[in-house]
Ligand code: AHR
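As a starting point, one isolated chain is supplied in structure tokens, in the form predicted alone.
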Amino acid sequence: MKRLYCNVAAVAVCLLTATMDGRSQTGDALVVKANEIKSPIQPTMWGIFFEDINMGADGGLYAELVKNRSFEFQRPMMGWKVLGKPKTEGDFLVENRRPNPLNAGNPRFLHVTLHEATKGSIGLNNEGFKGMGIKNGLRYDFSISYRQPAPNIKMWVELVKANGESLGSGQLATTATGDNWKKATVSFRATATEPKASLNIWFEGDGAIDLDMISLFPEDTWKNRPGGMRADMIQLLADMKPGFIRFPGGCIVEGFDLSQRYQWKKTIGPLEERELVINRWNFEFAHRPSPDYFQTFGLGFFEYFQLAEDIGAEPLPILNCGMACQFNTAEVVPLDQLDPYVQDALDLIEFANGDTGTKWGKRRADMGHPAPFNLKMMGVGNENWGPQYLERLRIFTKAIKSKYPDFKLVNSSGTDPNGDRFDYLNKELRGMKADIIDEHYYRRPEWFLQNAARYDNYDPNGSKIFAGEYAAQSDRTVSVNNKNNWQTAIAEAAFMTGMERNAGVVVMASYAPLFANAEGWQWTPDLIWVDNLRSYGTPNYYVQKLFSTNKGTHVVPVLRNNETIAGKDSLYASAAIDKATNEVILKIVNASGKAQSHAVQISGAKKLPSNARLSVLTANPADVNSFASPTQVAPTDTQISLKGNQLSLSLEPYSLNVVRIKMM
């Protein structure tokens, strides 16, 4: 039976072609001019955008399993419940150390009073982030900060299934006494796999004890770092070989108001000194409330830089420019009070790059990284707009360029790829000779197909472009019905050929958002979906991965009838050579529901082998990946034959095709 590919917008075409053999006659040859270099492709061309949305950090990438570990949420006992019945009101009491400046970032702790408690009679339970994902045989490392006047109390910890069955346990040695906080640890192995486990802490004894920073981590973190990140999620990123990682957002940077803005200096240093703040996605969407969504900053700026280094990506931090989210409060700091914000930017460069003799370089070294992170660029503001943004941007630019003249700055062009707001910013930023302009587009798939030639007429000698946030929306922007289906992914692939073709203009691009928890998302679509135990890449992920791992070093022309291939007959194409491997790399998208065959000629190459590698990504437009079928839409690799400098390429309906040919 012939396989048919139909989407809603092309039902009539599909009905017509269903009676045909589904394959067009050999079309006009596609000519790749391998010896005509158009522009270099930056190593940063394809990257990733991280924001703590959809439980991307706490409950996601950051592998901590205990929710509200230091009782700093707005409701201090959120995530916790008392097991058993306290004898006296106030036996479990949250206390606050403020205004003690030594504990400014972590003022609360839990004061527990026990009255001849026996094991199993009274304790605490933590529910985790939508439960705790526990793996059979894996070691789990528990730690707690405590202080007590006398060594009269014992503690046991255990993981339990949703039905209460034990999954493993251990006893804590809490014998130290006095006014100073001590740390107790215990490790144990899980006896079964459970996606919805929780943690119990049981008490025995008589007296009082203070508790803080209650933590549980799996042993299998990325690079086995204690207190680190979830390895499966990082591996999906590493497999993409991204050129950069943008962090920490996104709207997180701005905050609902300036009091909730992201402040990088509060995210470094000892964990117990990092000051928790509410996550703006806690309350942003009334249809997707998340009242337990906060930022603990266990994943902070040091960890972001370390992650970038681990996966071979350039770090791209985005800093607040003295403006809160203009969709929310539109609050701004007065210009005469902007200096601390500017100083934060200068200090961040020193933190990343300064030698150990500098204040902030020493802070980095004290955290375990004496060598610099070699930061080369930074974003000033996120999705900010209007003259109030430009006047603040000018102040930042002058200060940073005066001290670091070769440092590159990314500037916002607002929220949309067109309209009065975009036109105003685009004109003004180019007049300022902005290094890189950040363009965002969340649009229907049709927009991406129609705009594949968007950058063909941009000035290659002007400001460069960062496609900082984009994703095709199967329904509409901010709709809960958006799907990561193949229709959206192939539209993005078509658009990406236009970005690659114009790599002299577009120097960076990243899909957004990156991660989403299946039970805790605020925004969809998203590149990678996770639950407590599993993760998978969407069709969009595999498009990004194919482009990033087949990037090449220089753009060369690929033409049909001496014209750019950008939509005629639903074909989209770009080509590159990789000077490091001496290969020609051709990307072709067939966005139609009809298979096509084309001859491909490689001109300008002295000698070619008898075969080439072909990677194909194809599916029905409505197809998606899932936890049950994580690779339903995934590329397949085959070899194809060449005759001289020509090959015959069969393009499946709705397909992305990547050809790599070694030049001899």
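As the structure is a computational prediction, the values presented were derived from the model and not from experiment. Numbering starts at 1 and runs along the sequence shown.
Form predicted in complex with the ligand: not shown, discussed below.
None of the heavy atoms of residue 574 is located within 4.5 Å of the ligand in the predicted bound form. Contact check for residue 49: a heavy atom falls within 4.5 Å of the ligand in the predicted bound form.
Contact between residue 302 and the ligand in the predicted bound form is not found at the 4.5 Å heavy atom cutoff. Of the heavy atoms in residue 181, none are within 4.5 Å of the ligand in the predicted bound form. Screening 123 to 131, 445 to 453, 245 to 253, 264 to 272 for residues having heavy atoms within 4.5 Å of the ligand in the predicted bound form returns a single hit, 245 to 253.
This chain appears without its partner; in the predicted bound form, the one residue of 298, 513, 520, 593 with a heavy atom within 4.5 Å of the ligand is 513.
None of 288, 440, 154, 362 but one reaches within 4.5 angstroms of the ligand in the predicted bound form through a heavy atom, and that residue is 440. Scanning 459 to 483 for heavy atoms within 4.5 Å of the ligand in the predicted bound form gives just one residue, 469.
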